[in-house]
Structure formats: C-alpha cells, structure tokens
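Same chain, two forms, each on its own as structure tokens: structure 1, then structure 2.
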Structure 1
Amino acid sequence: MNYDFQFDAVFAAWPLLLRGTWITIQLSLTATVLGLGVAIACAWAKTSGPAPLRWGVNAYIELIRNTPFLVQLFFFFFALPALGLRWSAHAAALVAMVVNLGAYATEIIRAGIESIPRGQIEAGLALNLKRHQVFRFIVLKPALKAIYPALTSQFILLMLSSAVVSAISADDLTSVAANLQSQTFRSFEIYIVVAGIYLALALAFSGLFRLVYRLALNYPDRR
C-alpha cells in the first residue's frame, strides 16, 4: 500500500464539517422529539383507540418498517412536490425521519405501557388514586425505565441512518462530505474522518444515555 494520505484538505474544511455535524445532531434530535409525539399518539390509538384508527396505525407501522428509509425519503422529496407541495431537501429529510422514527417508537412505547402489570394499576385505583395519579406515580416511571434502552438505541440508529438524507443533498454531515469530495478528490480521507465523527457521536450519545440512566432510572424494580 503506497498511498499518500493527505488529510490537510479535510482538516482545512473543519468549519464545514462542524456545521454538518451540528445539522445532523439537530435533525436527529428534532426528528426524535416530533417522532415521539407521533408515536405516543399512535401507541394510544393502538392500545385504546377505535378499530378503524387501530387498523390505520397498524398499516402505517407495517408499511414503514418493511420499506427502506431511502425509498421513504425519495417518496417525500420527489412525490409530494409532484402533488403541488414544494419544499426544501432539509424539510423533506426531517419529515421522512419523523415518519420513520414514529413507526418504530410506537411499538417500543406500546410495549412499555403493556409491561406494567394490570394488578398494579388496579391497586392504585383501589387506594383511591385518581387516573392521572395512577399514571404519574405507578405507570410512568417503570414504563420509562422499561423502554429507555430500546428508545435510546433507536435514536442512535436514526442518527446513523440520517446519513442517507445526503442522497437528496440535505445539508447534513454526509452531504458536506460529498461536497468536499467533489472539490478536493480526497474521498478516502474525507470518508474516514466523517465516519470517525459519526462513531464519536454514537459513542458520546450512548455514554450520555447510560449516565442519565444511572442518575435518573437506576432504582430497583418493584415486582
């Protein structure tokens, strides 16, 4: 291997890489917050909504989980403008991510709700707690604890799969890398550095999530 690695051009572009990193983080966080909203509504519809709503939510979940994110992205970016809705690559990327995360998180949240033994809820009601008190004091924390690991790893998966939005030239980290590549032709170096940034992000977020777990959720299960 006699390849002459030249990282100068890559490091010279650090403000661009930093901006791309920030946009990737921002996209992932925004999509997660909005996607969780979608998921909570869908989880409610699935567990206690009327039948037609339940079918609709099921169809949404199955459709999203059994098609590639790239195809969903193309659908939102190319197909909706054909219907007369014009929007930016960034907006299409965000909506595709929200819709995608919503489907996965619905199942996680539903599992969390169902993990609370019915007897505990009945016990709370028998103690004359109000419904919202039962939810706050009996259901919420253990449910949160049960779904926390799945939810946080879903966030990291979403952040990594967001690299795909570069296919429609949204302004995320991988798009920055693709632009740099076409300007400097140092493709190998650029992709090594950018892969390193993603790895650092994934490790940093999973470390942060573990810390939050230790501080806020690390109490014994009462079963």
Structure 2
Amino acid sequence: MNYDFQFDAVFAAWPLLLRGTWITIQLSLTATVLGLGVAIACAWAKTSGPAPLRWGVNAYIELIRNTPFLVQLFFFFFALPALGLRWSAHAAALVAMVVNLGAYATEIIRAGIESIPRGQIEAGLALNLKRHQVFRFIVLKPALKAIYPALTSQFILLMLSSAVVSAISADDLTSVAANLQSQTFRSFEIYIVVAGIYLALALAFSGLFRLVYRLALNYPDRR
C-alpha cells in the first residue's frame, strides 16, 4: 500500500474538532437527562396510568421504535417548519434525540418497575407512604438499579447515534469531520481521528455512568 499519511490538516483543525466534540457531548448529556425524564413519566403512565394515557404512550413507543431515527430527525427539522414551528438544527436534533431515547428507555424502565415485588409496594402503603413516595423510593430506585446496565448502554448508543444529526447540518463532531474532508480530501486521516474521539467519548461516558452508580445506586439489595 503506497499511501502518504498526512495528519497535518487534522492537527491544524483541532479547535474545530474540539468544538464539534463539545457540541456532541452537550447534545448527548442533555438528551440523556431529558430523555430519562420522559421515559420515567411514560413508564409510570404505562404501568399505573389510566387506560387512555396507556394507549397514548403505547402509540408513541410503537411509532418511534418502528421508524428510523433519521426519518424522525427529518420530521422535526423539515416537516414541522411547514406547520409554522421553526427552530435551529441544534434544537431539532436535541428534540429528536429526546423523543427517540424516551421511547426506547420507557420499555427498559417499565421492565424494571414490573420486576419489583408487589409485597414491597403494599408494605410501603402500609407504612402510610403516599403513592408518589412509594413510586419514588420503593419502586423507581430499585427498578433503576436493576436495569441500570441496559439503560446506560442505551445512553451510550444515543451518543454514538448523534452522528446522524450531521444530516441536518447540526455542528456536531461528524459534521465538522465532513466539512474538513471536503476541504482537505484527507478522508482516512480525518475519520480515523474522529473514530478515536468517539471511542474516547464512549469510554468516558461509561466511566461517568459507573461513577453515578457508585454514588446513587450502590446500596445493598435486601429483597
């Protein structure tokens, strides 16, 4: 193989790559927090809510889980503005990521909630705890501990899937890489570096989630 590796153009563009990396981190962490909130609310609605609410949540989950993320992204960025809802590429990307994560994480959290023995819930009610207290302390926290590995895998997958938002020109890491490639034509050098950055981000997110587990969920399971 007679290929002249030239990483000079990549190193010269480090400020742009760092900016794209930071935007990817911002999008991923914000979508993770908001998507988790959506998933918890939907999981509660699906397990304890009234029938109309359960039907609505089921329809939302089936719609999102059975359509491509790219199509969802295009819907928020291209289709909704036709109805008068105009926003930036960054905002459309964030909303699409939150909606997508919410649907997938809802089913994970629902499985965790349904794994909690009914006796624990009845014990909480017998102690005169309010229903929201029972859900928060007796149901949700042990459920999150049980499904934490699957949930964090979904969070990391979301971060990696954020590369798709470059299709609407959101200034994430992949978008920066595509612009650099069109200017320098050093495809191999640029994308090997970008792949390394995504790998580093995935490992960093894994470390962050392990820290969260140790701080918030690492307690004895007495069930």
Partner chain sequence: MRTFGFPEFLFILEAARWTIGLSLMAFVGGALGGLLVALARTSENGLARAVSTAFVQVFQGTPLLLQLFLIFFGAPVLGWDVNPWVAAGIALILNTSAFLGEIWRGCIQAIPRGQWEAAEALGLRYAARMRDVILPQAFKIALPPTVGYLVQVIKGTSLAAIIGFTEVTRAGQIINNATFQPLVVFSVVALIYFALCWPLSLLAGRMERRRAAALAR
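Each residue is numbered by where it sits in the sequence of structure 1, with counting from 1. By rigid core we mean the largest C-alpha set that fits within 1.5 Å across both forms. Bear in mind the structure is a predicted one, so any value in this text is a computation, not a measurement.
Between the two isolated copies of the chain, the first is the form predicted in complex with the partner chain. Taking the rigid core as fixed, one finds a CA shift for P149 smaller than 2 Å between structure 1 and structure 2. For A9, the Cα coordinates differ by under 2 angstroms between structure 1 and structure 2 after the core has been superposed. Domain motion between structure 1 and structure 2: the smaller of two rigid parts turns 19° against the larger, based on C-alpha superpositions. Look at Q120: with the core superposed, its C-alpha moves 2.7 Å between structure 1 and structure 2.
The rigid core superposition between structure 1 and structure 2 gives a CA shift for R214 of 5.4 Å.
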